[in-house]
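Let's start with one chain on its own, the form predicted on its own, as structure tokens.
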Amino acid sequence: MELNEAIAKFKEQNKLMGVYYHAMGVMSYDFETAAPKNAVAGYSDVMAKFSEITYNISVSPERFEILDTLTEHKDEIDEITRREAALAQKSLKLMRSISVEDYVEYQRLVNEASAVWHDAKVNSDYASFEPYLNKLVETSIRFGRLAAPEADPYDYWLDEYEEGFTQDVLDGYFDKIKAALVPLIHRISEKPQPDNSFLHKHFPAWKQREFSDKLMEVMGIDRRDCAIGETEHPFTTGFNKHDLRITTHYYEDALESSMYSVIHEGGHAMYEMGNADELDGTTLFGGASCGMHESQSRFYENLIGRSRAFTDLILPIAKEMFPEQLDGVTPDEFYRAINRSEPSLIRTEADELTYSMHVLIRYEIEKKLMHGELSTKDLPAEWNRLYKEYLGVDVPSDKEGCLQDSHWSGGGFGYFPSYSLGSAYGAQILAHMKKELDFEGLVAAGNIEPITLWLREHIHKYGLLKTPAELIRISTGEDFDPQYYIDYLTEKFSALYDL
């Protein structure tokens, strides 16, 4: 095949698959936010058919010929097409290794498992979900072995979510994090805790929805490009830089929960809205990796959103919305309550300091599942044991334990480490940003735009064009170093608790 013909056909196929993925994304968003409970069967059938269509395009002989031609002439093609082809070749490692029947069946399994998980979580009924989880684990191991027979199956999936990361690398990372943070967590546990009772008064959901709009306005999110919905487990879906959809979950006795969910998911949306125009409509639209995406969501949520400058900025707005609930609350009380650190049960509600322990627990469980050292039937007991060992808390139910996250129901084994890596990426990026911007001054003034523009120039505009490692070097001038994360947390929480 001639190079020009290969390029044209490649772009045409990508555009066609993009149309299908867009339709599947809209249906998935609708299923999670609006579809009735009994819609699962019909939804699974439709999604399975779409999956079959996209699979057949991806593994067609013509697709292979196109990619082989582009790979052979990679030095003759533009940067965007070269990167698209490289990522397509990588994704085909799995596609080329499994049959269409396997692929479609897996998509059906994921859809069914997700629906069962929703009910299982509500009813704290792990037993109903366990058979699906067992099938998902077995399939992930089998697919990993087929796609990369030379590698550990779990290493294959870790690299899929965070390029370049293996168990050896992550073991070293988590060992360093654990050694530094566990003693700090223990020291803080001996200190008196700030009062946060005013965050747990009655905050009507309808009023929180209005507050969400205010938060998105302060962040600088253009609502013409970004919608907000409601779901059991908050997430963000991006179709193009002018169609981002975030979600949240309102708890009427926990203002902080949705407040920081909106800021977090808004950070994901800001990343994709900041992609360069030339990436829109290509397979490079989005974020470089799960970890880099989390670095941006947690940058807005924590590094901006839980800073003293931001809590001082947002308190007057919160008081306008909830005058009775927040009457008499001072800026210092609000800041300390928002940053209260204590071991807890729920990852998404965890404070910055203890957060990575939640991720570490999931990482250790995944390793055991993927190596056959832990059965899905024994997972709740192991979960509860690790929460007691690392965080000193007793897990009262599976709803607040191993059923709390949606990731495993979607087959997302290897995803969780990205959350901790994202926090560490963000701390390193912030340290270098502060050399160029008056970060605290800008946040205090409610002027988030220069911060967003800096992130857009150093991170957002590249989409998937660069690897996470390349983006860290672009934004900081050095390789990834988790010491920035450790130093940030140690300095912040030592000050908060007068250590």
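All residue numbers are counted from 1 along the displayed sequence. Everything quoted here is computed from the prediction, not taken from an experiment.
Unshown form predicted in complex with another copy of the chain; subsequent notes refer to it.
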* Heavy atom to heavy atom, is residue 231 within 4.5 Å of another copy of the chain in the predicted complex? -> no
* Tell me, yes or no, whether residue 435 is in contact with another copy of the chain in the predicted complex, where a contact means a heavy atom of each within 4.5 Å. => no
* To do: Classify residue 474 as contacting or not contacting another copy of the chain in the predicted complex by the rule of any non-hydrogen atom within 4.5 angstroms, answering yes or no.
  => no
* Asked: Taking 4.5 angstroms as the cut-off for heavy atoms, does residue 55 touch another copy of the chain in the predicted complex?
  -> no
* Asked: Which single stretch, out of 299-307, 217-225, 176-184, 333-341, brings residue heavy atoms within 4.5 Å of another copy of the chain in the predicted complex?
  -> 217-225
* Given that another copy of the chain is left out here, which of 245, 118, 293, 362 has a heavy atom within 4.5 Å of it in the predicted complex? -> 245
* Find the only residue in 469, 444, 59, 46 having a heavy atom within 4.5 Å of another copy of the chain in the predicted complex. => 46
* **Members of 4-23 lying within 4.5 angstroms of another copy of the chain, judged by heavy atom, in the predicted complex** => 16, 19, 20, 22, 23
